[in-house]
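Below sits a lone chain in C-alpha cells, taken as the form predicted alone.
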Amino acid sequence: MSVFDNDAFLHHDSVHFFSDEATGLQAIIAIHSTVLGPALGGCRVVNYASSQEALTDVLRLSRGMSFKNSLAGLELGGGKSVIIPPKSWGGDPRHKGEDRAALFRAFGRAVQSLGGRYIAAEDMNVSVEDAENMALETDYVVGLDVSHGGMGDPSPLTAEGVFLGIRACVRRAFNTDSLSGLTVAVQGLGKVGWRLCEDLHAAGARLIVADIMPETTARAARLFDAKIVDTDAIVGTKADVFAPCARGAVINDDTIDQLAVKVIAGSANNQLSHDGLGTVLMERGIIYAPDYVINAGGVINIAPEAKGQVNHEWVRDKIKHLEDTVGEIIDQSLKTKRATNEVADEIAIRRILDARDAGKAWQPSFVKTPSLRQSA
C-alpha cells in the first residue's frame, strides 16, 4: 500500500522517510499543514507491529496536531514524527545507552534537512535528554530544559490542561464543579498520566489505574489509594470518568460497547479509532472531550520556544482558557446534536482555511535561534 492509499492520508503537505545505517534509525516525519506556521509536533518511539502501522499513526497524529494548534490559537501548523526502535534495542523504546544518543543526533540531522518546515518536540518515550541530543544537530527542536533556554518538560502542563478539561466535562455531565467523590479510571501512568493522578487525588477523586509497569501501579495504590486493574480491562471498568493517557485507538469498534462511564477525557492522542465513534458516544449520552483539544497544554507550553522565546506567564494564561474551550465545544455539541469531535474539527479547519483564503499562509522563512547546535 502506498502512502497515498492510506486512509489516514488526508491533504498532507508531505511525508518523509529517513534511515541511518550507522545508528539503525528508521523514522517517518509527516507534515500535515504549514498554513498557520511551521509544523510543530512531537516525536515518539514506539515498537510498531509494522511500518504500515507506524505510517498510519504518524499520518493521524500530524493531522491532529494541525487541529490542536489551530484550536489553541497558535501560529503553528501540524506535524509529527515516529521512530521505530532499532533491532539492537530489542524492541525496547526506553532503551538506555550511548547508542540512543547517537540515534537522536541522527534524527536531529533528518529534522534539520527539512529547513524549519517541521519542529520536533518530546512525545511518547522521548525525553528532554533525547530532545537535547537532537538539538546538537538541528535548530528546529523545542521542549528543551530551562538550563538550555527552553520552557522545560511540557508534561506537567499537558496534565494540567487535561485536569481542567475533565472539570469542564464533569460540570456538564454531573452538574457539579467538584471532583470530590467521583471515580476516574486512568489508563497509562507515564509522565502525564501520573501528574494527572496527583491533581485528581488532590481534588478528592477516587482513582482506578492501569499501566504496563507493575511497580508504577503499586506506587499509585500506595500514594493515591488507587484500585489497580488490567490495562485492557480498564476500558470497561465502571467509573464516572475514563481518562485514556496511553496509546491511541483505545475506543474502537470492539471496546465501545464495554464503556461504563459518562465522560471520556484523557491525554492520549487519537483515542477514537475512527471519527464515526464520536457520534456513537454522543448518541449514548457519553461526553467525549476531543483529545487534541484537552491535551493541548503541552504544545502551548513549548510554543514560545518555536519563536526563540521563554514566556511562562503567557503559557499559564493560555492554558487556563482550555477549560472554556472544552466547555464551549461540549455545549455546541449538545445544542446541535453533533459529535464533539465533529464540532472541534470544524472550528479548527475553519481557522486554517480562513488564513489560507486571506493570503496569510505561513512561508518557510522561519529560523530559530540556534542553541546547543552552536557548541556541538
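Note that the structure is predicted; figures quoted are calculated from it, not measured. Heads up: residue numbers just count along the shown sequence, starting at 1.
There is another form of the same protein, the form predicted together with a small molecule; it is not shown, and what comes next is about it.
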Within 4.5 Å of the small molecule in the predicted bound form by heavy atoms, the stretch out of 85 to 93, 163 to 171, 182 to 190, 98 to 106 is 182 to 190
Taking heavy atoms only, is Glu305 within 4.5 angstroms of the small molecule in the predicted bound form?
no
Next on the checklist: Is Ser267 near the small molecule? Define near as a heavy atom within 4.5 Å, in the predicted bound form.
Outcome noted: yes
Report yes if any heavy atom of Ala218 sits within 4.5 Å of a heavy atom of the small molecule in the predicted bound form; otherwise report no. no
Is there any non-hydrogen atom of Gly298 lying within 4.5 Å of the small molecule in the predicted bound form? yes
Interface check vs the small molecule in the predicted bound form: of Ser273, Asn125, Thr237, Thr231, the one with a heavy atom inside 4.5 Å is Thr231
Note: exactly one of Lys262, Arg247, Lys227, His201 sits with a heavy atom within 4.5 Å of the small molecule in the predicted bound form, namely Arg247
